[in-house]
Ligand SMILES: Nc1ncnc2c1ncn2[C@@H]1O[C@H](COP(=O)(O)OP(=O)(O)OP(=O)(O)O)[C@@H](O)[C@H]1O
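As a starting point, one isolated chain is supplied in structure tokens, in the form predicted on its own.
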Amino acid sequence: MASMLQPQIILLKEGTDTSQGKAQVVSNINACTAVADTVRTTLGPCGMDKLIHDDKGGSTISNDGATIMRLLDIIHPAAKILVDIAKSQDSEVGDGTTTVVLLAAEFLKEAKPYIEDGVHPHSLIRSYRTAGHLAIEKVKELAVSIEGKSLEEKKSLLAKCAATTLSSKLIGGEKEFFAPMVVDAVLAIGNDDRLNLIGIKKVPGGTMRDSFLVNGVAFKKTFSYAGFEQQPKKFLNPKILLLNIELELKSEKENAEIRLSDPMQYQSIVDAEWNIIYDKLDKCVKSGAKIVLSRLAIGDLATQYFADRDIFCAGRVAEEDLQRVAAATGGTVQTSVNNVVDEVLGSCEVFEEKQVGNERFNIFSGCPSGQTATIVLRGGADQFIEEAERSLHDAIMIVRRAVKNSTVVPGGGAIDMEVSKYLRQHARTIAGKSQFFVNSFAKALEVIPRQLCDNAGFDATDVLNKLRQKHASGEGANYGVDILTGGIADSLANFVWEPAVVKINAINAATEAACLILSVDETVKNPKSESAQGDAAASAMGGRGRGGAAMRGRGGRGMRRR
């Protein structure tokens, strides 16, 4: 009786929202499944696009998993983990963002019945980690190396990887056109890891096939003054001077006061200003440069001065464009025009200004360093060009990964089916409950080929049965879904490839995310106390606030008296 009358111990503030136990784990799994259902239909070559309309009135059309996950304003704390793994997949390998979200959600979906039946989450986590490790080892074992081939062969193989990535994008219809362009761009920057050395410039208008690759740098014509049209627009083997200074008349500082005893002295001050700018321009001309680019403004006086001496100039050039010109031409950006020596000047074979659609572009080609490339994208609508840029970014990332880690695996769900078969066989050798959990992991991997079939409108059950039979025979390790016929085909022979690192990263990230979500059994949400907010507001007002309150009190009494 005494124990029943013991007072309740209150640890958390009143109104704190706590949910825990089995129900909380199931709730988290349901939230993650709901998020995955949003991007489920975007997988593969027949995936649908999503139109996302934001509160600022902008709209984005995309079927890139990472872009959609970023634009969805997800507030559920567990579901946000899926957004994080999609972002990490995008930054690490560039593609497979939808795959990683689907896999994580499917692992959780397969775990849900066991959680509801009272299985401890850590039993599942242990088995999932083991299965994930085995799956990654199997992917490495099945990977095919493309190392040791000639440059032409390697280019062709890399183009196949790029084409596989592009096939699931909005520009999939033009993958044969864009894949070689992406490969050339990646090979142009060599071993450099900086992705910003590949520029993508968007010009509305024309068709997608009007897009072109510049083996060098191209950027939009900057703001120009009178005299610009008198400058030459084409040079052969010019020297290029890169600056980070203003080339225009500097007025004196505000509130500057100069006292003169003789009116003639005023003229000397004006002359000094002009002499400074002319001295700078003179040094630029004497350096022998035929092209002068600056990150800051080049004024009307300088523009006309250069035009009279057959020199091309452009001011307010974007920082990244200037850095790419420096990397390509071998020049160095100068912060002063004093002592400009030949070593700091860049050079290229051809410079010209070309009209592209409604825009004019400054194009530097045949650069000695050759460590940059620019893709000029054309297309109808702005949203279309934006999505094309995102698609090319994914393809560029994939080709870079394939260059560095030169192993590929068959796509089209082939690798997933083979790893699934391997794990099912391995599960039979395990005694105890773990057998069920590893089996569930293996079943979850089949979500990729199943979703590819569903998105293409094929009978998923029929195609998966054919795939299971082919893989079980021991001869069909490379067989995946054939999107063209609705049957199955050898993905490796049909050049449906993806770098092994994409699949390894996806399985690793999805397994970690699933284990993390399964390990959370309680969520605590602290309330924002209204009284606390009121107190904070009052204290922020300080003495003035108290005085104001007192004044209001007196005013009120006065009103009543009247």
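In this text, residue numbers run from 1 along the sequence as written. Not measured: the values here are computed from a predicted model.
The next section is about a form of this same protein that is not shown, the form predicted in complex with this ligand.
Proximity of 43, 97 and 168 to this ligand in the model of the complex is complete: all three residues have a non-hydrogen atom within 4.5 angstroms. Site annotation in the model of the complex: the residue of 60, 63, 33, 508 reaching within 4.5 Å of this ligand with a heavy atom is 63. Just one of 164, 303, 374, 420 comes within 4.5 Å of this ligand in the model of the complex, counting any heavy atom, and that one is 164. Of the candidate stretches 405-413, 261-269, 345-353, 313-321, only 405-413 has residues with heavy atoms within 4.5 Å of this ligand in the model of the complex. Remark: residue 182 does not count among the residues lining this ligand in the model of the complex, judged by a heavy atom distance of 4.5 Å or less.
Proximity of residue 394 to this ligand in the model of the complex falls within the 4.5 Å heavy atom cutoff. Remark: residue 69 does not count among the residues lining this ligand in the model of the complex, judged by a heavy atom distance of 4.5 Å or less. Residue contact check for residue 513: none of its heavy atoms lie within 4.5 Å of this ligand in the model of the complex. Contacts to this ligand in the model of the complex (heavy atom within 4.5 Å) from stretch 465-500: 481, 483, 496, 498.
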